[in-house]
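The data below hold one chain only, encoded as structure tokens and taken in the form predicted on its own.
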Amino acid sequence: MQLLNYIAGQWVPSRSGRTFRNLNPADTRDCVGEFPLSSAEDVALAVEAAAEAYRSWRLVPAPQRGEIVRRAGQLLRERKEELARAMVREMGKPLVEARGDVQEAIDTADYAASEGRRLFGYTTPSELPNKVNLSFRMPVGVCGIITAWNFPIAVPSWKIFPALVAGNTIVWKPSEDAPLCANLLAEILQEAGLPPGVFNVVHGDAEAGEALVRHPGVRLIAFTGSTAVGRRIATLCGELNKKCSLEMGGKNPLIVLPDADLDLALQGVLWGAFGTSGQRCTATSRLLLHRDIAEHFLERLCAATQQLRVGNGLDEGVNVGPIINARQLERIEHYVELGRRQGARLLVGGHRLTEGEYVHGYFFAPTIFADVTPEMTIFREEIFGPVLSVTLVDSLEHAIALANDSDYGLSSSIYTRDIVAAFRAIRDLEAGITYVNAPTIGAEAHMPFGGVKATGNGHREGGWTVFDIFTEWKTVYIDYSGRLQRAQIDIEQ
């Protein structure tokens, strides 16, 4: 199946004529489609279309822009199963998770649409008589959106829907590992009534991504992906004086204290570590387990992990899908080998699955390492796969110290019945998100999402805070005194 870019309301091939194939990671004999391998020329055409559309789109009242996004949410509801199945085919997560991915975009559409009637500014007193001080949110302009493959509908919606409601226009470069969902979302926005040029999709690899970042007509870059790529984008945006929002990696800790509901904690660790095959920036990759319960808990955790069914996400009863591609599979193998060599004790998994139903896909057995110390690579670096590192702790203080011993600070979790311990963890964990008696995954669309340290650059997607990314503040002073008044000077001392 030959698929195209979406520019100025039209489906068009790349000017380069080059293409790339997107393969089903559960069965590489299945080619999902052939997509344009776009160049800087294609990006320029999309930016030109977005810049032209911005002239009129920014003048559409925000509630009307929100109404179009609301209709897109309704179309997502109507096509939820179709989108979920397409998602499983191109990136592999189990169908129940894919449905949740689409549902998150539906929730985001509903929330962002409602903000079209808010977008509050501030009115403050003036220090001078007969003068009014106001402030308004204004759109930024053409926004470049670059997203990863693991949430190919949900994460783009976090950026695209608020950006549209705020009055911006968009050029989106989706991941080459999940391009089909981008085209389906473009169809939905077109059907919802978005004017041509307001939303554009340009497929491609790093060449297209860098062209988008560098284009002088793009005023803002919103990125989700690896820390290495995010740092490159930050450097370029700094040189070009562009606004940028970065959502990058995580090495998320989950603490289990002796007083916890261990049945609940067990479920949370399994879901947090192995949901989406561990291919989430919020995945539970470090289990900080109190020594007093370690032997019993690990025995149960290993038994439950071995019961997880790995396979094609479209098959009934599958808990863990494939790894996204061969390169990532090799990366996971590399980290597992490092764990062995550096002295971690392999309890479960640690190998590719290659026989029977797995022969044509990229599958890795859910893996647990014990005796992991902070000096080990698997404690410190993001693996982005179904690999859980277990470190024993002696106290809450010890657990928090180890949790914070990381370059990252996205998500965190603690299981305890002690309200004092819970609130101390909330206060002291260095992370943008903390869960109490829930795993490190499970963000909701109406709340801020993002992290600290190497996880991001201070912005928060989701909820009301996302509009701080996609708007600029304009301050207005209205003086009706009929005479020159000089701020700071004409104030009576």
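Keep in mind that what you see is a predicted model, and the values were worked out from it rather than measured. Residue indices: 1-based, along the sequence shown.
This next part talks about the form predicted together with a small molecule, which is not shown.
Though the small molecule is absent from this view, in the predicted bound form it lies within 4.5 Å of a heavy atom of just one residue from 223, 369, 362, 274, which is 223.
In summary, among the residues 73, 249, 349, 311, the only one with a non-hydrogen atom within 4.5 Å of the small molecule in the predicted bound form is 249. When the small molecule is considered in the predicted bound form, residue 286 lies well away from it, no heavy atom lying within 4.5 Å. Among heavy atoms of residue 386, none comes within 4.5 Å of the small molecule in the predicted bound form. Put simply, residue 229 is close to the small molecule in the predicted bound form: some heavy atom of it is within 4.5 Å. The small molecule is not drawn, but in the predicted bound form it has no heavy atom within 4.5 Å of residue 358.
Contact check for 175, 205 and 233: all three have a heavy atom within 4.5 Å of the small molecule in the predicted bound form. Screening 392 to 400, 289 to 297, 102 to 110, 377 to 385 for residues having heavy atoms within 4.5 Å of the small molecule in the predicted bound form returns a single hit, 377 to 385.
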